[in-house]
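Structure 1 and structure 2 below are two forms of the same protein chain, each written out on its own as structure tokens.
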Structure 1
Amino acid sequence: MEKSTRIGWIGTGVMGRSMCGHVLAAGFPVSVFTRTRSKAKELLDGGAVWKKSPYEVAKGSDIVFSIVSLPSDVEDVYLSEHGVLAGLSEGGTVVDMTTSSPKLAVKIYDEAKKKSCFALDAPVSGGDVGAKNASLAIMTGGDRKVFDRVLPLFETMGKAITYMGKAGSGQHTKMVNQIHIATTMIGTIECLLYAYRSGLDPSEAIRAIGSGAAGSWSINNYGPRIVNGDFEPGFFIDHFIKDMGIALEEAKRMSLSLPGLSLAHEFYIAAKAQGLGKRGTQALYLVFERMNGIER
């Protein structure tokens, strides 16, 4: 890819800041917009150029990336009057890396096409650490040839980069990821509660079961944090509720009943109700503790 390719970046939260930093470090000219300008300071100090709207970012870019918060933010960034698609020139490419609605990803793809532009949906997994270390998993939907073109930029940010199929497939894959995590977390929490209540040493129990058929990333990574009383994010419960909500909405749209996901979703809503929205997803353990009359 030509090092003169002009990159636009929208959204410089914990994730976006690191990801955009990798693109900038790779030597591309980058223009930036984010809601709170101070969050882009480091990037601007590093040579990125400030723009005052998604529209302005798109005006001066060949490829525009975004990683924002909610699907409604994504819609606003791309499809509003001052949005990216209003500003992008023919032949331009947009890449939304927010975990967002597959349906919206298809809508953006269709709208881009009407303007002879290209769109990918490419949500990530791996959290702030993965963003910092450029070791994110990136799950991509859209046209294969567009994916191939953008790949060198993805490679500055991540490691397991997969092309999953037509528009929306990246978001669908991320939903597969979140659906699996949701119930696995319930398993992690319930088995630790059982270990605790039955008088086992929970750390020993994790060691005994974690490498066999009951093993999961969740029990081996969140398990020890739970045992140590570490409920810091990782990944916010608030964000996980958003993701599960998208998955449940899509599932409903496809007439798909997912009782395990629904159960997890309900308990995470309880976690939010108990003031745990800004704690890590493993803090669901506290809800199950309280439910079982266990005092901390």
Structure 2
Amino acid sequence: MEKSTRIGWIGTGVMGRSMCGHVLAAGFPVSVFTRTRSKAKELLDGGAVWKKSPYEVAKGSDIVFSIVSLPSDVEDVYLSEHGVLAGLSEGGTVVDMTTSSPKLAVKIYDEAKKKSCFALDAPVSGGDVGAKNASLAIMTGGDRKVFDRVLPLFETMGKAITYMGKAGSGQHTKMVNQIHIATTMIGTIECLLYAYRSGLDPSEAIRAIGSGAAGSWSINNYGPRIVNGDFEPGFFIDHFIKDMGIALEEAKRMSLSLPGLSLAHEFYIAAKAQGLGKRGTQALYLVFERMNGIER
């Protein structure tokens, strides 16, 4: 891909800031919009150009990336009269990396096609650490030839980059990811509570099981944060509740019963009710502590 390819970026939160930074560091010209300009300061200081709206970003870009919060934000960014598709020139490409609705991904794909433009849905997994280290898993839906064209940009952000099929397939794959993580996180929390109550050193317990059959990304990455009392967001509880809600909606549409996911969803709703929505997903541990009368 030519380094003269103009990149637009919308959304510079916990993950988007680092992801965009990798693209900028690779030498591509980048224009940026985010609702809170101060969150883009590091990128602007590094050479990115500020734009006042998604429409303005699209007008000056060949490929526009986004990673925002909610499906409603995605819809506004792409499909409003001042959105990306209104400003994008014929032949342009959009890549939504938000975890969003599969059916919305298909809608954006169809609307882009009407303008002779291209669209990929490419949600990511790996949290803030993966974003900072450019080691994200990227799951992509859309046309294969468009994926191949954008691949060099994906490679600046991630390591496990997979083409999953037609539009919406990236979002469906992310739902698979979130379903697995939801119940794995409960296992992570419960095993650490057991270690604590039985008198074990929880850090040593993580080391003992982390490389065996019980090893998982959650126990090896979030386990130490929990032990150290670090509940800052690599991924917000609020956003995880949104993701599980999408997965449950899609499962219902497919007449699929997922009781484990439903249970995890209820636990995370309880966490939000206790004021933990803006904490990291590992902060569910605090809910289980309280249920068991453990004082931190």
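Source: prediction; values computed, not measured. Numbers follow structure 1, counted from its first residue as 1. Basically, rigid core = biggest C-alpha set you can superpose within 1.5 Å across the two forms.
- Taken from the structure described as the form predicted alone is structure 2, whereas structure 1 is drawn from elsewhere.
- Neither of Cys191 and Arg144 shares a rigid part with the other in the motion between structures 1 and 2, based on the superposition that better accommodates each C-alpha.
- If you fit the larger rigid part between structures 1 and 2 on its C-alpha atoms, the smaller part is left turned by 12 degrees.
- For Gly229, the Cα deviation between structures 1 and 2 after core superposition amounts to 5.1 Å.
- With the core fitted, the CA of Phe288 sits 3.7 Å away from its counterpart between structures 1 and 2.
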